[in-house]
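Next up, structure tokens for two forms of one chain, structure 1 and then structure 2.
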Structure 1
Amino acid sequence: MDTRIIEEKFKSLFGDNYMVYTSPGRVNLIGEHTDYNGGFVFPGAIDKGIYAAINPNGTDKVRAYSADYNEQVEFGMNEDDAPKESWARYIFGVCREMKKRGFEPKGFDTVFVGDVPLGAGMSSSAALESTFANALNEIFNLNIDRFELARIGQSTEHNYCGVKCGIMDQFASVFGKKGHLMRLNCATMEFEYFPFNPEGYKVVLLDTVVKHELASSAYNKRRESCENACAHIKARHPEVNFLSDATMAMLEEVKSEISEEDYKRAVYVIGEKQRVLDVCDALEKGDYETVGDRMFGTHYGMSKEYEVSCEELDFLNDVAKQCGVTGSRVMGGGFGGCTINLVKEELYDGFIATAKKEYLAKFNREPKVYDVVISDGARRIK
């Protein structure tokens, strides 16, 4: 990304002194809706992110300009000073969450831009939160550790943006490492970097360009179902702290106590735990066929049990299957956005051409195509 656009704008609005920070969006190979259930996730940071020129301004106000929206907003750091613009609430939330934890960011000027497609399931919002969490931490010498930076982003999402998300996106955006995926245990926050270079395969995202209304309330509802199923299991098995700790047999014991809907959600989560473990084993052996098989399994679960897919995503998943793609599934929270596809190099061109043609014929527009490049996490670039 050429950052001149934000640098020139910053100079014209606020002067010549600034630094430039960036944080990326993410992909996730497998382990979806497992983070808030204490399970494993397998994300990596991507080469698309948010870029911000930023400088302290010696006041207690924030002056922020979004180059994507061509909008400038000024706000303070107290609850009464909250901005109305939804993009600015992410920045405000980060400041507030720092303050709640006893850190004291001061006023600053900023101009920012992004190239993570919005609403495509690549976590543009986590990229925004992490960019500012990391930048404020550095420019005001707050000494916040990187796990806490991720949690500040997550709490921003909970308390200022209405999504009761897990930790995966902010974690990936902060901790990303070029060429590596990360396997994170969301119950303990232990993680490992996995070199990811599937020789002979490509990883590609197909964006349905569908963004569903009410995605955040549907997301929160899924989380409630999981917590409810977990509470019932815990009443019989006190050692179960998260739904991912439970087995299918434990779930069967409480089946008659919970709604059919909550039961289906829990079946998905417990199944997903095993799929992630299978993928870990398979990756160690370089067995990408098993990786792909489990990805299709996740898609089925997300579509039929967790019910966070949609017609367009299911369609692209079917096309992938017909084209002999190794693995394909809806990525991220769901309700629109992308499929992530693991495809043999020799099948790549044919797959993309067929997916474009068939999607256009059915939905009257082409899906967008993004080749995945696994990149570094939150950092200063200038």
Structure 2
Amino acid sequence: MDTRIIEEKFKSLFGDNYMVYTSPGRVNLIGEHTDYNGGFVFPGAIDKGIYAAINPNGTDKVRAYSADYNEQVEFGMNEDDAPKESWARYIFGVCREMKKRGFEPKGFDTVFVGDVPLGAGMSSSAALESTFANALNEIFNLNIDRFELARIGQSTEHNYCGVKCGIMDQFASVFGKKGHLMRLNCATMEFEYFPFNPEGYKVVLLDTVVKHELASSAYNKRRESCENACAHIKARHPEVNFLSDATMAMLEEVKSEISEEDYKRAVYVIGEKQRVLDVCDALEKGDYETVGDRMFGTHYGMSKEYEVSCEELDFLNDVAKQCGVTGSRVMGGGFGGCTINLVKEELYDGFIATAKKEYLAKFNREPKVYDVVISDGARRIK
């Protein structure tokens, strides 16, 4: 992205001294609804993110301008200084979470802009948190390790933005590495990089432009189902702390003790853990057919077992199958948002044209199309 838009604005508001930082949004190839079940996720940072020009201002105040909203706010860093603007609460929350941990960021001026599509499930909020967490850490020599920067972003969501998210989004934004996906064990926080340069393939997101309102209550209900199934298994197998620790055989033992709904949710989570491991093995062999097969398996599980898909997502998944796409699935929490698709380059143009045409005929609008390039995480760029 051309950062001149924020640099020129910064100069007009605050002067000529500044540094430019960025952090990316993310995609998740596979491993959905597994983070809060102690399982694996498999995200990568993308080439779209938040960009901020920033400089210390010698006061205890933050002066922030959002180029996207064309709004400027000023706030202090005490708990009762919280700004009312939702975008500014992310920056305020990062400052507060640092202070709670005993670090002392000082006042600063900033102008920022983003090119992560909002509402498409690519985590623009995590990109915003990670941009400022990384920038303040470096500018004020706070010496916070990168895992703690991710946790600061997560705590900002929990405590200042009302979202009880897992750690995946902030982790991917901070630790992203160009040309690599990351397998993160959400129970232990151990991770490793896996090369992801699928020659002859493209990764593309198709955005349904739908967000269903039942999402937050439905997420909580599914989480309760998983915790209930896990509790019944743990009563027989004390070593099981998360549902992802369990096997299908353990689940079968308690099938008669839990509801059919809880059973279906658990089938999905335990199956998804294995699909992530299968994809890791396949990537090390360059076997993208298996990667794609497991992606379709995840979509089936999210649609029929976890039941977090919707008509629009299922429709796009069916179109992908008809067009010979290698792999396709709903990405993110569900109930709307995007499908992520692994497509052979020679099929790409036909798939996009068909998806647009058939989606328009069915739902009276076209899906948005986002090509994905796997990129680096939080960093200073100028």
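When a residue number appears, read it as a position in the sequence of structure 1, where counting begins at 1. C-alpha atoms forming the largest set that superposes within 1.5 Å between two forms make up the rigid core. Note that the coordinates shown come from a computational prediction; the quantities given were computed from them, not determined experimentally.
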| query | Which of the two shown corresponds to the form predicted in complex with alpha-D-galactopyranose? | reply | 1
| said: Is the shift of Gln72 between the two structures large enough to count as movement, that is, does its C-alpha move by 2 Å or more after the core is superposed? | reply: no
| said: Does Arg89 shift between the two structures by 2 angstroms or more at the C-alpha, the core having been superposed? | reply: no
| message | How about Cys230 - superposed on the rigid core, does its CA move between the two structures by 2 Å or more? | response | yes
| What is the magnitude, in angstrom, of the C-alpha shift at Glu305 between the two structures when the rigid core serves as the superposition reference? | 3.0
